[in-house]
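Here we start with a single chain on its own, the form predicted alone, put down as structure tokens.
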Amino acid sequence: MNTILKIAWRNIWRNKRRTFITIASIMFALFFSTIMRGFQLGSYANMKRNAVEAYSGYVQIHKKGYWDDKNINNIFSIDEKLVSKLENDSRVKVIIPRIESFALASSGESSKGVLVMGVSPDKEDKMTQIKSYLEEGEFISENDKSILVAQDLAKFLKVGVNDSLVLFSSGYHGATAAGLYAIKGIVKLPTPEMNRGTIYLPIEEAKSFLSTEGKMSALVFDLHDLEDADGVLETVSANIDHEKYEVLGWKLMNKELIQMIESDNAGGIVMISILYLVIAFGIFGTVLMMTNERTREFSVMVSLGMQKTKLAMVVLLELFFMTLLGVVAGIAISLPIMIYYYYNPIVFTGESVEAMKEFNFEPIMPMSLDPQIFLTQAIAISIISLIAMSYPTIKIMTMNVINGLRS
């Protein structure tokens, strides 16, 4: 076996030009497919992270029927002991109480319908990292009677830090909700839709504003790992009364996003498949040329006593070595680029920014470093090469030595 390995290794360097062409075709195929897939999966991960960590969380508890009818009257209270028990789960980072309602925000002659989110500032910041999005002013505290306003909303209403904003809404059981609040800070939220119409209010002040008598509209779970979401969902479901409450996972709460990602992912797979098809023809063309050029060489070796099976094995090992070198080279040239764009995502500018905001996308293109990307592309390229290897194997096993020597 060692002899066959040595012969195969030496053979691939007998014609360096042919070898380098084969290795280069595999290398660039892996490079382009890996970069394309890295940007694609990086964008998907960013969309999921924005949707989950900027708003929905991984799991939510509501009053039964709230998700289908987000009415201020569909609020609830829950046993604090149960909340403490669920928060002690090692997979759970923090459980965040929220009260949400829609209101009319007005300043001067400008007004707009907005989402008012009553939050516990410290707990909310652990998941959504609102404080890091602060562009102007200061962050709110638990006892504040002031608000945070999303940046695009502040521009629309033509307000800034220390200006006042009037909020009108309908409170719990039809109570009138009206308040004048000072703007303590302006936040630039990562989700364009939220950045156009969100106001944050400390939860105690929100309860007072909406007359909710200490109730809340949602308990939001922030987890350490997205992979734990299904397990935590099952645990929470097993511990609550389904006659009173409903439990939703992040996938159900972001159904449209998941469908869009699945659709786009299918398109990306089709594009990569087309790339693979082009490369497959390139690899097969090289193998075909190599096999036909060496027909006389193969015939001489068989006539001197070498078994066809061993000769076929030598050729297979030659293609295996070239594939391996191409895969390693492809990973080697793609990895530095992927690492760079992982830490320095592409930031879109100009008209494309507004176009992406219209579709509720953050105007950046991040990179993913998921090891599965490299593994999947390497396996795909290897399968293509293995299929190409079938031709020289069949050619050698069915070869007529006499005709081969005359060629």
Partner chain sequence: MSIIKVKNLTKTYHDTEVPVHAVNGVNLEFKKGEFSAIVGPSGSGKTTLLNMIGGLEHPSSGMVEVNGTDMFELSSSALIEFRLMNIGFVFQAYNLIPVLTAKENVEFIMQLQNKDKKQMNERTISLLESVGLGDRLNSRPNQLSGGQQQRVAVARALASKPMFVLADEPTANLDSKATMQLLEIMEVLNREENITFIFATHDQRVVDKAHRVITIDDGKIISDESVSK
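Just so we're clear, the structure is a prediction, and the values are computed from it rather than from any experiment. Residue numbers count along the first chain shown, from 1. Think of the rigid core as the biggest set of C-alphas that the two forms share within 1.5 Å after superposition.
We do not show the form predicted together with its partner chain, though everything after this point is about it.
Among 135 to 143, 296 to 304, 169 to 177, 112 to 120, which stretch has residues whose heavy atoms lie within 4.5 Å of its partner chain in the predicted complex? Stretch with heavy atoms near the partner: 296 to 304.
With the partner left out of view, is Lys16 within 4.5 angstroms of its partner chain in the predicted complex by any non-hydrogen atom? Answer no; every heavy atom of Lys16 is more than 4.5 Å from its partner chain in the predicted complex.
Would you check, heavy atoms only and a 4.5 Å threshold, whether Thr393 touches its partner chain in the predicted complex? Thr393: no contact with its partner chain in the predicted complex.
So, in the predicted complex, is Lys310 in contact with its partner chain at a 4.5 angstroms heavy atom limit? Contact check for Lys310: yes, within 4.5 Å of its partner chain in the predicted complex.
Are there residues in 6 to 32 with a heavy atom within 4.5 Å of its partner chain in the predicted complex, and which are they, in order? Heavy-atom contacts within 4.5 Å come from Lys6, Ile7, Arg10, Asn11, Arg14.
Is Glu87 among the residues whose Cα moves by 2 Å or more between this form and the one not shown after superposition of the rigid core? Comparing the forms between this form and the one not shown, which are aligned on their rigid core, Glu87 does not shift its C-alpha by 2 Å or more.
Cα of Lys184 displaced 2 Å or more between this form and the one not shown, core superposed? Superposed on the core, Lys184 moves its C-alpha less than 2 Å between this form and the one not shown.
Once you line up the core, how about Trp250: does its CA shift reach 2 Å between this form and the one not shown? No; Trp250 is a residue whose C-alpha shifts by less than 2 Å between this form and the one not shown when the cores are overlaid.
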